[in-house]
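Okay, here we've got a single chain as structure tokens, the form predicted alone, with questions on binding and movement later.
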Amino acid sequence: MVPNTLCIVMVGLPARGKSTIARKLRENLSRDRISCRIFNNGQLRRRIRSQDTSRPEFYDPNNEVGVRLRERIALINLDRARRYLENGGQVAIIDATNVSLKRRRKVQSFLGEHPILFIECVNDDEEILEASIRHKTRLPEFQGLSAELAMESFKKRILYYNTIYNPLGEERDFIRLDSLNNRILQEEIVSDIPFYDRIRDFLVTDSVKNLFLIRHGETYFNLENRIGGDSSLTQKGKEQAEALARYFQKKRIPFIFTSKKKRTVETAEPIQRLQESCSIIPLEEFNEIDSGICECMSYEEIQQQMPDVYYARKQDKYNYVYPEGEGYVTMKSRVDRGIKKALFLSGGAENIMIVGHRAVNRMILSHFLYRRTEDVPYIYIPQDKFYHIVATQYKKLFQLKPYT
């Protein structure tokens, strides 16, 4: 085997995060001055033959014309990857489905002189898959189709791939990765794989280049000091949203994640309008803390009508759980899941935004800041400033910035 070279072969059904993982590996390896290049079969296919490839029948294993073309594209990319490694490249990433044993054996026979690491991306979260597929159907190859037909076409494409899908297992060196939660499900490493410790570390680490964490604008409930509910923005709140939109107008924000509450969506909409291409994705995981029997009450009303609840919560704000509701401690798992979803769906975008609520944003900050639990319910979350967060293996940044 050729020393200090490596071929990483991505494996998995469409919309499972393979390209995001490939880009993440390339960026981090390149930062370590390891020469790395991605060889993406889909991009090459769209350059060679853009027409008709949106039709699901093109991916039918019984479609001989489609099979021949896809095999030719795979061989072109394998040849390019081999020549790259033979001419000074250190890591070549084959970004394709590679779901069949036949295809993986072809990769091994073609690149067998170099160490090969297979990485399979697994994710069966239906909500995430739906959102991921919807995003993929915005590619130019689907331009002639309605949104509904594009979704139907892509889902049928996945079904065709599923008929030939064999998960990793017999390969010599491989990782099966839960690509939503960055968790290794299975690992088999027999050979001496170059850069393996770095690669493994990258795979399991949450990374965000620029996260803009925003609390929704002022609401009618804010004026009355009421908690929870689904109040709309006041005029001042709408003005805050417009000010945010102007502030971020010159920054490309492809994704804004919100809760499913009106006040966060109403804050996000003006920002979206001033962006060239921006998706608002409401996630239930970012809903504000459920205050149970205290929902829609003011703190003064809780103190007067339910003093036992008021003083018990005051004693241990993080661990207290509202009767028939939640507490910070029980929110943690769902907010962490929301963060994972946002990072997955953003596909490694340079800038992403979350418009949330006071308690939820405290939990998001604590996810990256690692605050002591007893301090989390007191993190400062204003409505006239936002947090800029960078969290990579090379840089940690937390800034509180005004937008007016």
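In this text, all values refer to a predicted model and were calculated from it rather than measured experimentally. We number the residues from 1 along the sequence you see.
FYI, the form predicted together with a small molecule isn't displayed, but the following is about it.
4.5 Å heavy atom contact with the small molecule in the predicted bound form for all of Asn222, Arg226 and Tyr299: Contact check passed for all of Asn222, Arg226 and Tyr299.
Contact flag, Ile253 vs the small molecule in the predicted bound form, heavy atom cut 4.5 Å: No, Ile253 is distant from the partner.
Glu288: touches the small molecule in the predicted bound form, heavy atom cutoff 4.5 angstroms: The answer is yes: Glu288 has a heavy atom within 4.5 Å of the small molecule.
Interface membership of Pro377, the small molecule in the predicted bound form, 4.5 Å heavy atom rule: Although the small molecule is absent here, Pro377 would touch it in the predicted bound form, with heavy atoms inside 4.5 Å.
4.5 Å heavy atom contact, Arg46 to the small molecule in the predicted bound form: Contact check for Arg46: no, nothing within 4.5 Å of the small molecule in the predicted bound form.
Candidate stretches 309 to 317, 68 to 76, 148 to 156, 99 to 107 - the one whose heavy atoms come within 4.5 Å of the small molecule in the predicted bound form: Only one stretch qualifies here: 309 to 317.
Arg37, His367, Arg337, Arg358 - the one with a heavy atom within 4.5 Å of the small molecule in the predicted bound form: If I apply the 4.5 Å criterion carefully, the residue I get is Arg358.
Option touching the small molecule, based on a heavy atom within 4.5 Å in the predicted bound form, out of Arg176, Lys261, Arg215, His114: Answer to the contact question: Arg215.
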